[in-house]
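Quick heads-up: it's one chain on its own, the form predicted on its own, in structure tokens.
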């Protein structure tokens, strides 16, 4: 569903992503891990079609910069960017019109209720806290019912209720066949639910593994620290 092959991104002489390969199937939750500066944001922005790169990226078999791919993909950025003079509900209406959605109101109301925003519908974007803006960003991304979703540090700024609800939604999305890529520093937040993980170091995938291939006693956290603090080589 989300496929990246030999993706490379350079900023001058700096190689931010070096022949990165990622393959996430329908119904899988993949985790993208790595220290600051490893290239995670570069890969996410490349997958979302926000950067130029070399290599191939497809969403559901469509080139990631095509309209067909964009209709399948939902993106929750690390830093929400709301329109300051639109209300919460107007943000959702804007998305509904942009995607030509029919009968979207019921889902919009359900998302607002789940994230405790149903009493904030008339609040302007500029009046919202960082956490509330993040919740609106999640609601907007999920309103078109995407079959692939990119989460970039989705839990940062959320209150405990918001974290719990987002984790529940992610499990529901996975059960419905949605492919998800989650970039996070909060390993414990995905420790119980991941299917595949990609650990980046210095622009490369240092290790890619699946939960069902772990050795006895291995965990996502132990793998991460072994790679980022050890002397293991980089492998694709």
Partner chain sequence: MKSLFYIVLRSLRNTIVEFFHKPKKLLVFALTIGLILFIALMPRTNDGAPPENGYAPLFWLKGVLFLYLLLLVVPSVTTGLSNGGTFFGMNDVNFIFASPVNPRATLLYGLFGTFKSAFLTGFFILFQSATLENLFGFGYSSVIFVMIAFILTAIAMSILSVLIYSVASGNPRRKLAVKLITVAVFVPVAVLAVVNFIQSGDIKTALELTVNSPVASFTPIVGWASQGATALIAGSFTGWLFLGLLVLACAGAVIFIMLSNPDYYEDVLVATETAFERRRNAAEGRASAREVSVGKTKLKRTGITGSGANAIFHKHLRETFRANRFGLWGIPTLLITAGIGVFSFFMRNSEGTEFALLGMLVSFQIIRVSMGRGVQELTMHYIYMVPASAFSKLVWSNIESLVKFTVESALIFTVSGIILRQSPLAVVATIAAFALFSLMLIGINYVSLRFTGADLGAGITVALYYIAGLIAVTPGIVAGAIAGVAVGGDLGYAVGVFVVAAWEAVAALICFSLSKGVLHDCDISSIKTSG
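Numbering follows the first chain given and starts at 1. Quick caveat: nothing in here was measured; it's all calculated off a predicted structure.
What comes next is about the form predicted together with its partner chain, which is not displayed.
- The three marked residues, 106, 131 and 143, fail to reach its partner chain in the predicted complex, with no heavy atom of any inside 4.5 Å.
- Segments offered: 168-176, 206-214, 64-72, 191-199. Contacting its partner chain in the predicted complex at heavy atom distances within 4.5 Å is 64-72.
- For residue 90, a non-hydrogen atom is located within 4.5 Å of its partner chain in the predicted complex, even though that partner is not displayed.
- For residue 156, no non-hydrogen atom is located within 4.5 Å of its partner chain in the predicted complex, even though that partner is not displayed.
- A residue is said to contact a partner when one of its heavy atoms sits within 4.5 Å of a partner heavy atom; residue 126 meets this definition for its partner chain in the predicted complex.
- Although the partner is absent from this view, residue 160 stays clear of its partner chain in the predicted complex, with no non-hydrogen atom inside 4.5 angstroms.
- Along 22-55, these residues reach a heavy atom to within 4.5 Å of its partner chain in the predicted complex: 37, 39, 40, 41, 42, 45, 48, 49, 50, 51, 52.
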